[in-house]
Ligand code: UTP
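Take a look at this one chain, the form predicted alone, written out in structure tokens.
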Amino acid sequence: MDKIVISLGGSVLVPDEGDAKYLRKLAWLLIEMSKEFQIYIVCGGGRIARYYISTGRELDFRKEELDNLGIAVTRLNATMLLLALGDDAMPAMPRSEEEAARLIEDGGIIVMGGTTTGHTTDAVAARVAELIKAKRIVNATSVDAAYSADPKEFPDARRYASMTLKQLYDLVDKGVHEAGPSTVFDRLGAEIALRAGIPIYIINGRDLDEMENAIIGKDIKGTIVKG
């Protein structure tokens, strides 16, 4: 059974736009897909995490403390998805990439949040994918593809239908940047995927037809990153 890792952005999971309806449909899709694939899901923090981190920054919390706030929110989001999946999810939530890799059980969906301070959930998803030798990573985000810059801020940004893993790494390897594609994929995650040679399908996570096609490995409207 092929293994698929989904990096599910918090901005997709709980944007406060019909979240319960989306979660119900997402859970149904994931349960159906788990009959054919071993699915691992890493949930992001989204706007709720950004709120806590922003408030903590105003309170002069240390960086590690801010990271821990974000990790806590990712695990809260993961808990909601885990509960929505019911008995089709593994009841234990991994707290590390290595723990996730040990929870291999055909048909059981593994759901988790962040793990380590300084690592985004994209990086966690890529590391899990590397450890389990995943067939691909599905990056379910709030944009519909990879762009040369954040399309919400730069409407004329170039949209990519496909690219290589090296091109993705070069795209996000810009350090601290204003115009770079910060919502596409994390730099460390891209580096891990590049060294492991794991394809990434970048999709609009709220488009469940796209989600299904990405999990299966069909053509998508988003960006296929491989090679």
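The first residue of the shown sequence is 1; numbering continues from there. What you see is a predicted model, and the numbers here were worked out from it, not measured in a lab.
Form predicted together with the named molecule: not shown, discussed below.
- Put simply, of 202, 193, 41, 49 only one has a heavy atom within 4.5 Å of the named molecule in the predicted bound form, and it is 49.
- Contact with the named molecule in the predicted bound form, defined as a heavy atom within 4.5 Å, holds for exactly one of 100, 146, 134, 124, namely 124.
- For residue 81, no non-hydrogen atom is located within 4.5 Å of the named molecule in the predicted bound form, even though that partner is not displayed.
- A residue is said to contact a partner when one of its heavy atoms sits within 4.5 Å of a partner heavy atom; residue 189 fails this definition for the named molecule in the predicted bound form, lying far away.
- Looking at residue 96, you'd find every heavy atom of it more than 4.5 angstroms from the named molecule in the predicted bound form.
- Though the partner is left out of this view, residue 71 does reach within 4.5 Å of the named molecule in the predicted bound form, counting heavy atoms only.
- The chain is drawn here without the named molecule; in the predicted bound form, the stretch among 81-89, 152-160, 126-134, 110-118 whose residues come within 4.5 Å of it by any heavy atom is 110-118.
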